[in-house]
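Have a look below at one chain only, the form predicted on its own, in structure tokens format.
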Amino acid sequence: MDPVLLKLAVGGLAVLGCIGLFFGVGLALAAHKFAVKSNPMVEEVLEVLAGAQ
């Protein structure tokens, strides 16, 4: 295999990996910033209503 093509392929994989890492960190930060706290009373009511069928 041609060393130039191998270098090009490895460089492409590195760029794709960096882009994936960048967007992954961005999504994790956005998920943390826009997280919604759940009300514990909702879970209690759903738990009681689950057996009321």
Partner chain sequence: MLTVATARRNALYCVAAFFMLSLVLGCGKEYRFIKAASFKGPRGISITFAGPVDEKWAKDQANYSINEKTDPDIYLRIAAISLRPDRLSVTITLEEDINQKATHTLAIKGIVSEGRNMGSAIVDVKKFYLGYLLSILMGAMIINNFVFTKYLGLCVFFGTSQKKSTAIGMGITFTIVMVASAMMSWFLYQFVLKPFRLDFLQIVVFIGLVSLSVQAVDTILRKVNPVLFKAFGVYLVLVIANCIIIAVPLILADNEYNAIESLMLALGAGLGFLIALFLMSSVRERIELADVPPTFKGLPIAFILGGLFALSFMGFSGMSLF
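Residue numbers count along the first chain shown, from 1. Not measured: the values here are computed from a predicted model.
Beyond what is shown, the protein has a form predicted together with its partner chain; the following relates to that form.
Within this chain, residue 21 is remote from the site of its partner chain in the predicted bound form, having no heavy atom within 4.5 Å. Its partner chain is not drawn, but in the predicted bound form it has a heavy atom within 4.5 Å of residue 15. Using a 4.5 angstroms limit between non-hydrogen atoms, residue 49 is distant from its partner chain in the predicted bound form. Within this chain, residue 45 is remote from the site of its partner chain in the predicted bound form, having no heavy atom within 4.5 Å. Interface residues of 12-45, taken as those with a heavy atom within 4.5 Å of its partner chain in the predicted bound form (partner not displayed): 12, 15, 16, 19, 23, 27, 30, 31, 34, 35, 36, in sequence order.
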